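Encoded as structure tokens, the following chain is the form predicted alone, with no partner shown.
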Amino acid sequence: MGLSRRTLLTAGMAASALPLLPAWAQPSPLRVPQPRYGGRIRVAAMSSSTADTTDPAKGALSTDYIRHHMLYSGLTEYGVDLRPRLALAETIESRDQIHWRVKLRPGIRFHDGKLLHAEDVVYSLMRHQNPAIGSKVRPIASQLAEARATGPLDLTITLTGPNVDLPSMLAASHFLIIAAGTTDFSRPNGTGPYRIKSFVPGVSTIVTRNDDFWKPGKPYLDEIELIGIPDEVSRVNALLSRDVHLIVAVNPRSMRRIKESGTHDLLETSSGLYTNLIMRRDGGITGNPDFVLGMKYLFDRELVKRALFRGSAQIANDHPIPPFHPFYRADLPQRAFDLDRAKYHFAKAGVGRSPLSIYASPAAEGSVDMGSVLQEYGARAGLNLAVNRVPADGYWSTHWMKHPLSFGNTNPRPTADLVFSLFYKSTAAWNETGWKNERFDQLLLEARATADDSLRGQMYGEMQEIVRDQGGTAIPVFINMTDGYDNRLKGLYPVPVGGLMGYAFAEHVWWED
């Protein structure tokens, strides 16, 4: 499998299975007017701190991802259908999903004028394995056994085992390309649509148009300023007062206010974002399969969607693959709210009247309200739940995965392999429930090595069923990601990887007075 016609055909797949056009030639999902050049906008992300970084490997928050997509480009990038598009790479080919040949586009320049070379890509990819770098994707990058330049614009990537999703993996912002030998990121040097003008961690990032950008005609804006406003109400107020022109992560409670302003609008993106109930399977009452099933039947999914997220969500089925995903298994029976079944399973598990603590926090979106609903329904099914609301600050380090019952919150991942590998594989560092299933692990490795999408679909379908029926996670809904924007800003459309067009809006938008 790869991103060229030759590779697709030799893999025995239809040529339409992946795009054959360069990223900029892909049709927009919406009909839009002719873009205009010029203008300056101000964008508010969710946070800003002294830990803000211009090193793609260290990106930890949406603010970092936005900044990095403005400054750098990757070998591939995500499309509206979650499939990878060619970017800096002209072709990516493999016959065995282990050895990959990459050919780079000629004539691409870094911001300092240096031409892109294969050695830049080798350096960018392999640095993730150096513990001193502190890469956030080091566990994923461990699949890279070797990257070697075979010419000025040619390189080979060798994996530790077959993975048909390598092109998708390389589209993540952490794998954006930097110049070989870069160790100082005080003056970032990329091939992205904008050049750095100023960067003050915790304050703002200002970028200016890169006139030598490698995508014809892009970008359109002269300048973008990126700031962080942690409080959602304050972000919305800044948008409506036109102090900023684009904001991320609008709460459903604020959507009507923005829509009715007459001067602003919303970009709502279906996503794989979810808040889940974590039931540790490695001991105690939560290790009992009947208790786990009882909790899953205790979720009133329609109520969670309607009351907690004002309809801005999609019903989930206790596994992490959302309905719009290419490998979603649509024929898997939907688990419904059923107090009688919950009561039956709790009795079978031997649940007593002693209080059972469940930890919730604003850090896991919607979890406090979910905990309250579960507490109320649980009382009617013979379960005494005590909801411990803990602060957002320190939740992930102090409470997440530390209790028999708690909540998690997982950002969208572009491939089934990534979300399964990071959170459900027996040996995964983020295996939240301590759940182990030999058949699941076997299917995970087999799916990575399978180029035939129909066979992969069958494997991922079985994995969804295993997680739904045997896993220790309850996922009631997938939460839509909603951004707010000044309606003079044009060119936005949803990309399911994340808000703000998968954080890569900067090269696509323009301003119309």
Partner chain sequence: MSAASPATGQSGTTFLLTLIVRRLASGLLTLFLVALVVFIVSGLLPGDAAQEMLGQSATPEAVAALRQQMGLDQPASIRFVRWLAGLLGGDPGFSMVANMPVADIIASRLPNSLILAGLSTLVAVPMALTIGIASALRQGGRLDRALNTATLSMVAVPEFLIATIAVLIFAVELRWLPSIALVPASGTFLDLLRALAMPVLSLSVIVVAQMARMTRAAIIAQLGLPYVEMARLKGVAPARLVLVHVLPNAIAPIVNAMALSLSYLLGGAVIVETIFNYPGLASLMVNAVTSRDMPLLQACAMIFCGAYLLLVLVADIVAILANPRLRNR
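Everything numeric here is computed off the predicted structure, so don't read it as measured data. Positions refer to the first chain, counted from 1.
One more form of this protein, predicted in complex with its partner chain, exists but is not displayed; see below.
Here the chain stands by itself, but in the model of the complex one stretch of 326-334, 91-99, 221-229, 146-154, 221-229, has heavy atoms within 4.5 Å of its partner chain.
When its partner chain is considered in the model of the complex, only one residue from Asp265, Asp338, Asp212, Asp243 comes within 4.5 Å through any heavy atom, namely Asp243. Only one of Gly113, Gly350, Gly107, Pro131 comes within 4.5 Å of its partner chain in the model of the complex through a heavy atom, and that residue is Pro131. Among heavy atoms of Lys58, some come within 4.5 Å of its partner chain in the model of the complex.
Mapping the unseen interface onto this chain, Gly202 counts among the residues with a heavy atom inside 4.5 Å of its partner chain in the model of the complex. Put simply, Gln458 is far from its partner chain in the model of the complex: not one heavy atom of it is within 4.5 Å. Among heavy atoms of Ser426, none comes within 4.5 Å of its partner chain in the model of the complex. Proximity to its partner chain in the model of the complex holds for all of Arg42, Ser49 and Thr398, with the criterion being a heavy atom within 4.5 Å. Along 430-458, one residue reaches a heavy atom to within 4.5 Å of its partner chain in the model of the complex: Trp430.
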